[in-house]
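Okay, here we've got a single chain as structure tokens, the form predicted alone, with questions on binding and movement later.
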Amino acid sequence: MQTEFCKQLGIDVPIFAFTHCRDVVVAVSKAGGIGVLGAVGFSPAKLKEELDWIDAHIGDHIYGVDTAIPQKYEGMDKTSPEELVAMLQDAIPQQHREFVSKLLSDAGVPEWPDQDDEVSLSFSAVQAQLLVDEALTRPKCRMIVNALGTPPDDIIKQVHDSGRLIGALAGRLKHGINHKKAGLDFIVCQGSEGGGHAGEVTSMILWPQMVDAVAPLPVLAAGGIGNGRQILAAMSMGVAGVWMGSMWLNSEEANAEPAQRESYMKATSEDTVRSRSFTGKTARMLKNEWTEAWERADTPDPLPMPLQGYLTFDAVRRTHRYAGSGDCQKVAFNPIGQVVGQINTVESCRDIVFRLLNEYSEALDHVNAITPQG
């Protein structure tokens, strides 16, 4: 199952693992796929620390880095982190701050120990540019991906000039077409089943349309892939590989607290919701009291990106660090796709990759067995 895109990158199998955990990046790349580190929420210093570790442990294998630069966001005219922080601080209503504080307090989530810690400017060009600059200092980082829209022209040129590939996620057909016109090297086409930011159209409908619309550009299928049968379905539509995120969240290598793992394994495919409550843009996550609270008529509406993300940054880090405290999981941010219903064991990343390949082979044998010969 080695596609031309695999050969271009020099990887064995077309499995692209999106993850915020450096250990997963290394494990999947060593297993023959390629790990892609999600840098959203990282400061430049934190990304440097993570990439230093990856470079020291990944051997001769390669990896990618995923950033998030929306095409439009509040404060996009600000050219420095200081300007953007000042704007965000002034723009967030006190009502929203008090609402978030009460949700966390009612759930018994402990305070962050150092309130002077640097707060991430996620979902802004100001921060993303610094992250891209850091990633491009790493020879083993061979691809940059933008999670929100077509990257700015200057970043596309910067990545291409460095000899690397650049791609972007697309949840709508027009987004993929825009990516191609902008000169990107590949597209990650994510159906609405996927975790995090995704569009309205389901994968089975969107994938083949995208392949046809942007040919011959490589398309990676994302959203709703958790076993080898689903990989075969995606590959049959002409994609160049599969982009998987949710399935690594409960792996042995994942940086997940026991309470988070329990939430994943207890959830069914009906227990996710698309909500603007953490980032300001619609994203799929486990539904809980937090997501429901923001939907009530008597509560504030989520703010535009990146205001909502700046508002909820403290909530995200506190509910991750103190995942098992109080009723933390009732207000925790757990972005995950509908394949959460298939997550019921803890496996190593290597075992997951090998299981996916075996299931793919068995599914292909089944299809061949029922296909008339001659």
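Predicted model, so just to flag it, every value in this text is computed and none were measured. Residue numbers here begin at 1 and follow the sequence given.
Missing here is the form predicted together with a small molecule; even so, the following discussion is about that form.
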{"item": "Among the candidates L184, I144, A234, L169, the residue which, in the model of the complex, approaches the small molecule to within 4.5 Å (heavy atoms)", "value": "L169"}
{"item": "Segment assignment from 83 to 91, 219 to 227, 273 to 281, 292 to 300: heavy atom within 4.5 Å of the small molecule in the model of the complex", "value": "219 to 227"}
{"item": "is_contact(V316, the small molecule) in the model of the complex, heavy atom dist at most 4.5 Å", "value": "no"}
{"item": "4.5 Å heavy atom contact, G35 to the small molecule in the model of the complex", "value": "no"}
{"item": "Contact label in the model of the complex: A31 to the small molecule, heavy atom within 4.5 Å", "value": "no"}
{"item": "4.5 Å heavy atom contact, Q127 and the small molecule in the model of the complex", "value": "no"}
